[in-house]
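Here you get one chain, nothing else, as structure tokens; it is the form predicted alone.
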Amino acid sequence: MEKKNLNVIPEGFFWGGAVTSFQTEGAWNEDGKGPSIVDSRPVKEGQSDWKTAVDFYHRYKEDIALFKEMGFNAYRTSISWSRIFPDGEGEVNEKGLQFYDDLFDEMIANGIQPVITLYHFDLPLALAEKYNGFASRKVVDLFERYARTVFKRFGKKVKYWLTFNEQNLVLTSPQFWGVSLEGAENEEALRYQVTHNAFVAHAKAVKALHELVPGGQMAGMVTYQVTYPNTCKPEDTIAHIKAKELLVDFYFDVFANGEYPTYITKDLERKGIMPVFEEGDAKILKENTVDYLSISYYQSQTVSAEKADGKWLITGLTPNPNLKTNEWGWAIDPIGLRVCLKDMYARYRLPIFITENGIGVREELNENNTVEDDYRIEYLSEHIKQMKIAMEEGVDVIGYLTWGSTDLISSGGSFEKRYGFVFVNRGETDLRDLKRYKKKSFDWYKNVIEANGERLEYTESVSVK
């Protein structure tokens, strides 16, 4: 039986929410912004594009006032590279820089610390078309130029940074880094080369931050999908370990230790696909490790040796029959958050910032112009409880940010999957009036923050969907 939670959350703990620029800002071609790879994505029939999103670009003062009312002291968003360099490499766009200057000033004036991601899957389109994205070392150098530009401009306003959102997706989803695998002589080799290039770009950004921003803190960030052996068979345990190595450990090992782990190098050498290390790569990785670690956490799965067919990089993942799922089939596993926090801290002894956690649900306003989202309150409450237990057990967690503050467009172009404490009145293709309405969870989260995590009560009459 678990011990009752003590209030182990220190003063100054970061509470707030997290979004990305392209899922909230809109204004996709205003004030000199160039097109990104997101802007060029095909739009599925009946779904939205990202041209307006929730119009944060024009409504950020209204939204920040709502965040202040909730008590946020941190808010994570990303900078749009193509707002700063419209084609990724030409002249800097002053209007783009000024937008983020104004945004960060507004946040700081309202007591909210900006937590800023340099890259969240929205490469300037020109760099994908001209260089095949991060498959090219030219783009690594351009990313460093972009990073140095924003560090110089915003370094006095922003202390906490992340290089790449969910960097562990680079191996499985290189398209998010502007890379096409079409025509590759060896697709797996190209995936690992792109992964290496992203590591070098990350390390160059760490180096630049530490040179340009005294006290600046940089994280390596992954989406942490916890895995368990599907059964108590030893074969399933080994399959789970191997999946975990490729899902999360590889990235944290490089972020924290500055070198490739042997379980990766031995495999790549055996296959003859070791990435090309240019002169100085090993040195820059080793000398520019991170200040803290960052995760998004949403779900867990099990790993079955029998289902690991070897046809894909990470195989054998299978749903856990012991857990409920949300509407999109994601397992709801609050204890999994504690599992990953304990494992991370035992391995790396670095501060951990939870920069995404939440549940997406189809929702509509009721007759009282609100949403009775007890399921969201329950979901978040149970995850915060497990975070607190991990902290009681010695894990250094510095903040907790939910995914979505207002509703936003999904990375796949859907608005029906709502995450926010604030309902945004729009549909998939009908923008309606974009008016903001507080959900029930708005006041609940305000209460949580006010009590620094001591009050987590929720209505138990409504189960998680």
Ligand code: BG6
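Just so it is clear, the model here is predicted, and its values are computed rather than measured. Residue numbers here begin at 1 and follow the sequence given.
Keep in mind the form predicted in complex with the ligand is missing from the figure; the text below concerns it.
**Q** Indicate whether the candidate residues 298, 330 and 417 are all in contact with the ligand in the predicted bound form, with contact defined as any heavy atom within 4.5 Å.
**A** Result yes, every residue of the spot touches the ligand.
**Q** Contact with the ligand in the predicted bound form for residue 403, defined as at least one heavy atom pair within 4.5 Å: yes or no?
**A** It does: once the ligand is placed as it appears in the predicted bound form, residue 403 has a heavy atom within 4.5 Å of it.
**Q** Does any part of residue 196 reach within 4.5 Å of the ligand in the predicted bound form? Heavy atoms only, please.
**A** No.
**Q** Is residue 383 part of the interface with the ligand in the predicted bound form - any heavy atom within 4.5 Å?
**A** Flag for residue 383 set to no.
**Q** Evaluate residue 165 for contact with the ligand in the predicted bound form, applying a 4.5 angstroms cut-off between non-hydrogen atoms, and reply yes or no.
**A** Looking in the predicted bound form, residue contacts with the ligand include residue 165, since a heavy atom lies within 4.5 Å.
**Q** Of the listed stretches (27-35, 423-431, 409-417, 58-66), which one has a non-hydrogen atom within 4.5 Å of the ligand in the predicted bound form?
**A** Checking each option against the 4.5 Å cut-off leaves 409-417.
**Q** Which residues within 242-272 place at least one heavy atom within 4.5 Å of the ligand in the predicted bound form?
**A** If the 4.5 Å heavy-atom criterion is applied to the ligand in the predicted bound form, 242-272 yields nothing.
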